[in-house]
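Just the one chain here, the form predicted alone, laid out as structure tokens.
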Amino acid sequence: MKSLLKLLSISALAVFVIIACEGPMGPAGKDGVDGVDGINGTDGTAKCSACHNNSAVISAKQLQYDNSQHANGEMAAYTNGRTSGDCQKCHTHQGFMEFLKGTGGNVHQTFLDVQQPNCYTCHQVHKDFAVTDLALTTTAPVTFMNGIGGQYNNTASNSSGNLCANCHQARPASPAIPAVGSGNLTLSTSQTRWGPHYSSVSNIMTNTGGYHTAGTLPYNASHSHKNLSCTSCHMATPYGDKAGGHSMALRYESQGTEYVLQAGCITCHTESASAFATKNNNSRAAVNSMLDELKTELIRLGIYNSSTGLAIPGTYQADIAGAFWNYKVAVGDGDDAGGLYAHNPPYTKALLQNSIDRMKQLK
């Protein structure tokens, strides 16, 4: 044991001597050559500022949208989960996105956190984080759902109206709209809502979509509105956040008075504002008068339920069913749908007046 302790003591002493004998640190060597600077990274907010900047453009559009029917409708929640029809396609953002996938999409499902149509429905937002995000989700021609009139393909304003036409068109009729002057049409108790639904604008713009019974007024009268895009009027220079722009509204109230936004109209209508308003009101009154007259005839012939505004189940001559259809097509373009019958007045009036004349011939 003593020998072991002696050996350890000698080893420790040797280590101490080695440390104690270490000399002072020598002078520092010459600095090496600096390396090449790296490339600065991209500013993380550079792309964002292409849209999100102090111009307040995005804020203005958001405020306008917040006052739109697209934002304030309640149909997204109501239609969510439907397993038939095209409800979700037009009334929910998710449904429209599924529709754009084509056959690979599943429109008829219950969507989580279902949304009203919004910015992302129409624009390719945050795809590449640049101004190209404002590109529309689709501008392809639209084949009409009800099979009448073929396609809607409006090339004005970069075909922006084609996007709108995907939803703002007459829905398919079940049973199908009868051929003019053909046999009878039967409506069951589950088919009282037979008609084109609430928006028939794109059909009317193209002089199609109605039941063309013979009459004194032509169905192919030329009307300049058919060459305009929907955005020409509905997204014209806005009145604050109440009309135009992304509100897409044409009627608005200011200081207790209702007005019609004329910003998109005056590019073609050069008369004074008051003269144009009178012209517009007179046309609207004429169509409303025709609607009242046709409704009276449809009630008399037993197809129109005056309490509900729906069809009464039964079997009807093709011309009677067609007149009822025309009534609904016109309503879908007018006051009941928030419009002014201004999309194509000659065609709307032809549908109504020719139907009125034909109904008066029937007993």
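Residues carry their position along the shown sequence, with the first being 1. Note that the structure is a prediction, hence the values are computed from the model and not measured.
Quick note: we don't show the form predicted in complex with a small molecule, though the next part is all about it.
Asker: If the cut-off is 4.5 angstroms on heavy atoms, which of these, 151, 231, 192, 155, is the one near the small molecule in the predicted complex?
Answerer: When the small molecule is considered in the predicted complex, the option within 4.5 Å is 231.
Asker: Within 4.5 Å, heavy atoms only, which of 146, 208, 213, 199 is in contact with the small molecule in the predicted complex?
Answerer: Spelling it out, the residue with a heavy atom inside the cut-off is 199.
Asker: Under a 4.5 Å heavy atom criterion, is residue 112 part of the interface with the small molecule in the predicted complex?
Answerer: Although the small molecule is absent here, residue 112 would stay clear of it in the predicted complex, with no heavy atoms inside 4.5 Å.
Asker: Is there a heavy atom of residue 239 no more than 4.5 Å from a heavy atom of the small molecule in the predicted complex?
Answerer: It does not: once the small molecule is placed as it appears in the predicted complex, residue 239 has no heavy atom within 4.5 Å of it.
Asker: Quick one: does residue 51 come within 4.5 Å of the small molecule in the predicted complex, counting heavy atoms only?
Answerer: Contact with the small molecule, yes.
Asker: Although the partner isn't part of this model, could you tell me whether residue 267 comes within 4.5 Å of the small molecule in the predicted complex, counting any heavy atom of the residue?
Answerer: Result yes; residue 267 sits at the interface with the small molecule in the predicted complex.
Asker: Can you tell me which of 181 to 189, 114 to 122, 288 to 296, 213 to 221 lies within 4.5 Å of the small molecule in the predicted complex, counting heavy atoms only?
Answerer: It is 114 to 122 that comes within 4.5 Å of the partner.
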